[in-house]
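Next comes just one chain, in structure tokens: the form predicted on its own.
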């Protein structure tokens, strides 16, 4: 059911309530779990495709990172108890294949090897100062799926058939980003970029950016884990945190110059008392901060309490028929395309998609699109754009393309 309406709320840039936005950086324990879970799903997809020319049922979206114990100090420190990473989920682990001579052969999928190797690979790319052999332990608890869910998956998943939704669930999306959302997202990306890390090696990957706006004033608070071996004393610590602050302010002046910006870094520090955000590995997980899939960024990379949000954990879910993943990504892509085609005539687009288990994923139970047209723009013209985009994005061809992009890791999901 498609329903396109004029939104009865103001564009977020004109709202009078305080706008809030958060991004948990790539090294935050929750984001690490998201990254690993989704990489494990992609690795399983690639293995299934290579060996069997199709993707089998799996969902590995229950990863957890259990924090360790560490004693950092200027110039170094000691890891006392390593972190512990556990990937949890369901995946088909054996396939009965018919041989050319008419006999059947049972083939086993090396789920443990795929999951452990993927965990190590992902963390090696995220952290510069985490020793994968000493600072963290890897484990898995991935079992075969339940008959009802694998049944829905197998009945619908053939190369030319439209998959059936695996759940009754909803996904949402909106566009465009507000100024607050843009600076929040880009600030974390900047701080965790290779270019910035080369210039500021004491900056760890566990970064959280929290932004608030009141009127035209935007306040940015950055929590950044600092790496002890690069810092010899308090003055060096302050110098490095000031580098982060100045980088964020310079970025804000570049991308949102009309705003009044302030930035603070590691506001809980008390230099006189020696209370500072110092780590050995660049993540708070070394000292007891735990992580879990779905507790961090939404599919558009942000946590946005002033917007419509889904609490669905996107990462680690299969990209074939799991609407908890597909509809949240699709909702965002639909909204962005509607605004893009509006060419300034559509200020904001908000999409809500509701599935029903066993229903074709191209046919949502509810497809609700709310639009905010620009002043003096005929709503019917904006509505026609939304109708066209909806039809295109809910086509079989688009879902198959989205599937390929998700498996290739080309779509932002956290």
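Positions refer to the first chain, counted from 1. Just so it is clear, the structure is predicted and the values come from calculations on it, not from any experiment.
A second form of this protein, the form predicted in complex with another copy of the chain, is not displayed here; the remarks below concern that form.
In the predicted complex, residue 113 touching another copy of the chain (heavy atom, 4.5 Å): Judged by the heavy-atom cut-off of 4.5 Å, residue 113 is in contact with another copy of the chain in the predicted complex.
Taking 4.5 angstroms as the cut-off for heavy atoms, does residue 374 touch another copy of the chain in the predicted complex? No - in the predicted complex, heavy atoms of residue 374 and another copy of the chain never come within 4.5 Å of each other.
With a cut-off of 4.5 Å between heavy atoms, is residue 195 one of the residues that contacts another copy of the chain in the predicted complex? Taking the distances in the predicted complex, the answer for residue 195 is no, it never comes within 4.5 Å of another copy of the chain.
In the predicted complex, does residue 117 come within 4.5 Å of another copy of the chain, counting heavy atoms only? Close contact exists here: in the predicted complex, residue 117 approaches another copy of the chain to within 4.5 Å, heavy atoms only.
Only one of 168, 343, 242, 232 comes within 4.5 Å of another copy of the chain in the predicted complex by heavy atoms, so just point that one out. Checked against the cut-off, the match is 168.
Identify which of 212, 337, 186, 236 has a heavy atom within 4.5 Å of another copy of the chain in the predicted complex; exactly one of them does. None of the others qualify; the residue that does is 212.
Decide yes or no: are 364, 378 and 400 jointly within 4.5 Å of another copy of the chain in the predicted complex, with each residue judged by its heavy atoms? The answer is no; none of 364, 378 and 400 reaches another copy of the chain.
Among 291-299, 250-258, 327-335, 176-184, which stretch sits within 4.5 Å of another copy of the chain in the predicted complex, heavy atoms only? Contact criterion met by 291-299 only.
Taking another copy of the chain in the predicted complex, which residues along 15-32 bring a heavy atom to within 4.5 Å of it? The stretch 15-32, when checked against another copy of the chain in the predicted complex, contributes 16, 17, 18, 20, 30 at the 4.5 Å heavy-atom cut-off.
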